[in-house]
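Next comes just one chain, in structure tokens: the form predicted alone.
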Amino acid sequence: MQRTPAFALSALALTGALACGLAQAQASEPVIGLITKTETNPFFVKMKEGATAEAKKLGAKVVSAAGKTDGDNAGQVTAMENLIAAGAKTILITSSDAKAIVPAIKKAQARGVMVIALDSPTEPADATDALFATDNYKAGELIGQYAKAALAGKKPVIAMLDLHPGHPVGAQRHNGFLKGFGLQANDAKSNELSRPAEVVCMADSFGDRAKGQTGMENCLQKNPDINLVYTINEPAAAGAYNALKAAGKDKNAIIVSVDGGCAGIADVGKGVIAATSQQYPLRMAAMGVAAGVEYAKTGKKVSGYTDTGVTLIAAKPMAGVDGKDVKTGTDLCWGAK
């Protein structure tokens, strides 16, 4: 089987010459585009690894691009236009802006390109042909259930470090966490963040460690009695822990999160994070590439939502809460171990 390299390019660096070359290459092997939010987040690094491995196995070529930062919709739009010019018949995308990316997706589909959302749904969700992703509401519910058991009857004083306004993934995890804890929460279809009285502070972390730390510092200024911290992902959790430790309150608060990267699982083992919901980016990417190859060969498109799985990982199990231990999380994690 011919082994071909995958290309990792910034959105603006996909030159016309390369596009021409790839268009010629597609005659012998399907070209599948992969657009992630950034090129540096370990989650998306693993996603590209999964796409590349599956493409090699199936005789396809993966061309990847990304926004400059999380939230860079313009960069993702440029990437999509360049990938269409490069001959991609399927584009896999983790959208930075669930609404703003939709017109670009519609243009691609009008050119006969199948577009599959990975990890992050668009708004509306049916703007893409299919979605391969974690059940983010369930991921939130799992850590909410764990947090309630871990607090052992104490009155919750909650800080929530979210993604950024309006993103479905952020809303689903946020509201799922509250639902799992047994508090008032919107359902999985809502992109509005619920805020029951027990939530004393909410801040946007953009999934970033430094912004997570700043958000937690601000929350502690508003209420120093916070005893439970929800974070959108593990980098934000690490930032929250730094703020708590600097304030001498790291022993007073439980941190729960979502992702399952190797650094995050290690933090679970160290007690920095009490529990996290692990998701599987490699699986999402492999399924997307396989669907793209099938479309190129037969014209058959995939549709609807496919749940790629989520598992609660905790160092200390809680009665009545289903989960796995740190060893299991480490075996299945992504990123550097």
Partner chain sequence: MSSTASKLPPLATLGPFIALILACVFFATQSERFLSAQNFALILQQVMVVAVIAIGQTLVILTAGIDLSCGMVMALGGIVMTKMAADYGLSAPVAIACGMAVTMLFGLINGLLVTKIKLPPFIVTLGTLNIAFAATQLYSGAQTITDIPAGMTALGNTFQLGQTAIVWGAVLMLVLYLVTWFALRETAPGRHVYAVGNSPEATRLTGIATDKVLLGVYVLAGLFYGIASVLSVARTGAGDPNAGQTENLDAISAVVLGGTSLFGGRGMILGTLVGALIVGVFRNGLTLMGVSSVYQILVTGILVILAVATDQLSRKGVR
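Residue numbers count along the first chain shown, from 1. This is a predicted model, so every value here is computed, not measured. In this text, the rigid core denotes the largest set of C-alpha atoms whose superposition between the two forms falls within 1.5 Å.
There is another form of this protein, the form predicted together with its partner chain, and it is not shown here; the text below is about that form.
Though the partner is left out of this view, residue 222 does reach within 4.5 Å of its partner chain in the model of the complex, counting heavy atoms only.
When its partner chain is considered in the model of the complex, residue 151 lies well away from it, no heavy atom lying within 4.5 Å.
A residue is said to contact a partner when one of its heavy atoms sits within 4.5 Å of a partner heavy atom; residue 303 fails this definition for its partner chain in the model of the complex, lying far away. In the model of the complex, its partner chain stays beyond 4.5 Å of every heavy atom belonging to residue 74. With its partner chain omitted here, the record of contacts in the model of the complex names 222 to 230 of 222 to 230, 101 to 109, 177 to 185, 142 to 150, defined by a heavy atom within 4.5 Å. Residues 42, 45 and 217 are all found to lie within 4.5 Å of its partner chain in the model of the complex, as judged by heavy atom distances. Checked against its partner chain in the model of the complex, the candidates 254, 127, 203, 84 yield a single residue with a heavy atom inside 4.5 Å, and that residue is 203. Residue 165 is the only member of 163 to 181 with a non-hydrogen atom no more than 4.5 angstroms from its partner chain in the model of the complex.
Residue displacement note: residue 68 has its CA displaced by at least 2 Å between this form and the one not shown (rigid core superposed).
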